[in-house]
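Quick setup: one chain, the form predicted alone, written in structure tokens, and binding and motion questions come after.
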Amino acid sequence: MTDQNTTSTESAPEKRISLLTVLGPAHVWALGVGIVLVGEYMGYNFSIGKGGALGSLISCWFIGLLYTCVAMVDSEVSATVASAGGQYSQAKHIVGPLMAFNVGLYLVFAYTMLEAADALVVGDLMVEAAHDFGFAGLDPKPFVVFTIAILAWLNYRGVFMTLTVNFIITAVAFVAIFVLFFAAQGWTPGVALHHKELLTKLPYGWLGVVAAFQFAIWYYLGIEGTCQAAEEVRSVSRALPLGTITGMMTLLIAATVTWYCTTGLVPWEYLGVSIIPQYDAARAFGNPIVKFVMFIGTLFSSLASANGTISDAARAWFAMARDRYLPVWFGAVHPKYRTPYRSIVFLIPVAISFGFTGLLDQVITFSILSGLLGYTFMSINMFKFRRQWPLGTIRRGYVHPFHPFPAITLFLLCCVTYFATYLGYGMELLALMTFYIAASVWFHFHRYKYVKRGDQFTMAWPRPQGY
């Protein structure tokens, strides 16, 4: 009898701990906008240095079109492939293992580099604020470590609490943008905003406008991160499209208002090299209350972005490990908090090491290029998805309109942005492409043998057309 009981116990399937399904549209909005809104407080201004103030605005709107296409395309596929990993899971189901591995790496590096940039800005902001109060000589590195560590702990403890905090601090940072606008009476040119005196034409011509495309991505980079929470959303077909598209609308408004206020207060030559442009604009404005609000806005937007990127990068790494694309050790879920805790902890030193470099434009460039590779995949993926499973053959959570124009527009704008990056950061572009090629070779010859292809496909879809 004892032997029989023992055998029965051993043969029982192990209970799999899953992620909690607790998120709604507001959390999806908070994840997407929270990651991106820091781009309205720093980084975007490097596009001003590339193309001048007007060149930056033109590139801002063109890149806004790129991300509108990203939001439309991604909402359809993510609402249908509702799984942790976002674009990685899409590639796994629609294209194949090698593409999925690369897309997973794009996501992890784009978000981890963005996290490092956020922490770097927090450190510089604290040093500058302390200097304004007479405390000179502070080292920003302890602030970098503390920022990443405390936000990683918050993510470790649970996704619902993490994104609820993100919703609050993102909303505060968004309102802060408009505090500067109203304080400067943005509707009345010449009172505080002096565009007539500060704006020039295109100092570097139309080539400068094209070059500005690279950093104009920073206005919106990360909105596609909403898909990473697909497995933890209560109603995927409603929450993902609603949260992503409303988030994109929020960012378009915030980006335009940000450009309008800062270029009317600070000469573009200085604004184009500033680490904390919104805070510097508040300094130029001279009102101590507005300056404090911009300090809070910059701080909260950086924290919200780092908080969201930790969540997204860890889930992409976790999803790859769960499918054996990486060691399965990283695919563990915390038994109490139901979070991918090992992936969260593992990526902490990676982010800190890049944050310690202090090279904000370089870190931003690596994040942008990784994101750009992911967007290029999305455009190709959309065509394959519609061709292999035409409308009516599977249940879609959302169907985006105007296909194939968003996918074509997305691909063309990505090509222009690669050229823009090559103009200023050709070596970084070459180095990152070399890294991804080497990683692909490693996966093909070493890691692929551990992958169980049959376990990856979780969608009950019919055989794709053409196969």
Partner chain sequence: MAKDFEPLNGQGKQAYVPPEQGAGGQIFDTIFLLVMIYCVLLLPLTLGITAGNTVVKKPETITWETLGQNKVMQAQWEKLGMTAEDASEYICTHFIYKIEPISLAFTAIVIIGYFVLVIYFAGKEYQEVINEKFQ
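Everything numeric in this text was worked out from a predicted model, so none of it was measured. Residue numbers count along the first chain shown, from 1.
The discussion below concerns the form predicted together with the partner chain, not included here.
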Legend entry - Answer range among 395-403, 57-65, 23-31, 415-423 for contact with the partner chain, defined in the predicted bound form as heavy atoms within 4.5 Å: 415-423
Legend entry - Listed residue (Tyr204, Phe292, Phe135, Trp153) with a non-hydrogen atom within 4.5 angstroms of the partner chain in the predicted bound form: Tyr204
Inset, instruction - Tell me, out of Ser353, Thr164, Gln185, Thr256, which residue has a non-hydrogen atom within 4.5 angstroms of the partner chain in the predicted bound form. - result: Ser353
Inset, instruction - Using the partner position in the predicted bound form, report whether Ile408 sits within 4.5 Å of the partner chain, counting heavy atoms only. - result: no
Inset, instruction - Evaluate Phe174 for contact with the partner chain in the predicted bound form, applying a 4.5 angstroms cut-off between non-hydrogen atoms, and reply yes or no. - result: no
Inset, instruction - Would you please decide whether Gly96 lies within 4.5 angstroms of the partner chain in the predicted bound form, comparing each non-hydrogen atom pair? - result: yes
Legend entry - Proximity of Gly49 to the partner chain in the predicted bound form, heavy atoms at 4.5 Å: yes
Inset, instruction - Between 252-288 and the partner chain in the predicted bound form, list the residues on our side with a heavy atom within 4.5 Å. - result: Leu265, Val266, Pro267, Glu269, Tyr270, Val273, Asp280, Arg283, Ala284
